[in-house]
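In structure tokens, one chain follows: the form predicted alone.
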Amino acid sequence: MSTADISISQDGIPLKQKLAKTTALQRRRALLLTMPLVLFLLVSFVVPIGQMLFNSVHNDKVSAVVPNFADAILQWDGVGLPPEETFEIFVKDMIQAKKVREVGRTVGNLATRVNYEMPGSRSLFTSTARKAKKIKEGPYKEALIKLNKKWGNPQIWLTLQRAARDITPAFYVAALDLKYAEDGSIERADELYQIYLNNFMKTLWLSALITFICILLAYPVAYLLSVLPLRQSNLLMIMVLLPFWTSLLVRTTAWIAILQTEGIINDMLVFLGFISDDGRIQMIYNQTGTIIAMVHILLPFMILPLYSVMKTIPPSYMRAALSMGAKPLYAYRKVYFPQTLPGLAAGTLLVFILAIGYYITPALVGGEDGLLISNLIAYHIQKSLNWSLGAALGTILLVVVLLLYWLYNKLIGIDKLRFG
């Protein structure tokens, strides 16, 4: 037996056992200290994302409003029209649903759900619900088609069959500018409804452009902050941080006053004679306004990581390169610039991800042309109330960001990021 195995503490407990007990106690204390953070992440991050992922594939409006019909239509083979028994169940469920006033189980919810996949069909369901009580006996198929001949269209019943499934990919189909054909296959949506993929591409393009402009503007500012004397650099730092002391809404609204056709910039250009009074430039409620306002708001997020890295680079490195005969530009490119890449990478990742999800600024200054995908998501959540489509768009955006993050890690390496 080794000495470690027979060592006894003053209270008679083996040292090995006491060490294990002390280590376990420390782990429990560490867990308790981190528990508030874990709970915060669960409540504010994990649960909302999980709910978004669930809502993007789950919609039970049909089964909640006409439950018996939902079970029956799923047994249909999809050929021609459903059997008479299914028509009977549908009519009886519609009559019952018309009497219900419970939130989430009204005929209006059913009509809205089907209208997502078959635009223009909402009135068919609401009018049928009002008239269905006139049907006292069969044959129910003939009676329902007599109420409205559209019920003789198999496409209506195929759409109802798809909508009757609580778990459905239909909202991802719509989010990718696709649609279900009459035979149930998936095809490209009509050009009029192809809006989401174009908006995704526009969001990525504008985010990349905004990030690039921020790099061009932030790099010299960060360099000046790192080399100027303390008094001047502190004054410049205050100017960089000043936007953080002002409300985002106030800053965005200020750009409306500055960029509008009767705003400060256009007035100055007219006064200086660069443009005529009739040739004022439209810089607001378009992509130009979105880019300018977002660059102003996100610029500090690029300057600060760059500055924190540049401040740690010893000036002696450049002096040594110059003393050995290197020209200033060559020394800067070979000696100084590579050392700033960790800060540049951190600022680029930070600004790009923030730009992809921006909502308030494009909504205020972007107009129809400058809206990003986040504005369409907000529209479906707040106005159209198509939460499932909004969740599907949000999930696709999340996947795109994760893919870009993975690509970024492969090309540059996330371990090389440095904020100071």
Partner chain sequence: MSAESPLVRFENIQKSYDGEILVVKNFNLDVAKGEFVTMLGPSGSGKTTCLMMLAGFEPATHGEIYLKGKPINKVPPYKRGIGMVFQNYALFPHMTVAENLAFPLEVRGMGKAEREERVKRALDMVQLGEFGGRRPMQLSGGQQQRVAVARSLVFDPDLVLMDEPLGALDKNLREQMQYEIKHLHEQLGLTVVYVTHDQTEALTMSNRIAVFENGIVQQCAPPAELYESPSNAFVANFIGENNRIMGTVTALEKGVAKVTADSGESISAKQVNVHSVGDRTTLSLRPERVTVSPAEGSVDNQFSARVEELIYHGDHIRTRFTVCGHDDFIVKVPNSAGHAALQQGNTVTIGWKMEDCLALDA
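Numbering follows the first chain given and starts at 1. It should be emphasised that the depicted structure is a prediction, and the values quoted were computed from it without experimental measurement.
As for the form predicted together with its partner chain, it is not shown, yet the points below apply to it.
By the 4.5 Å heavy atom rule, the three marked residues Pro314, Tyr330 and Lys334 all count as contacting its partner chain in the predicted bound form. For the options Gly80, Gly120, Pro338, Gly273, the residue carrying a heavy atom within 4.5 angstroms of its partner chain in the predicted bound form is Pro338.
For the options Leu176, Ala72, Ala321, Leu349, the residue carrying a heavy atom within 4.5 angstroms of its partner chain in the predicted bound form is Ala321. Although the partner is absent from this view, Ile156 stays clear of its partner chain in the predicted bound form, with no non-hydrogen atom inside 4.5 angstroms.
With a 4.5 Å cutoff on heavy atoms, Gly325 counts as touching its partner chain in the predicted bound form. Between 338-346, 303-311, 227-235, 164-172, the stretch whose residues reach within 4.5 angstroms of its partner chain in the predicted bound form through a non-hydrogen atom is 338-346.
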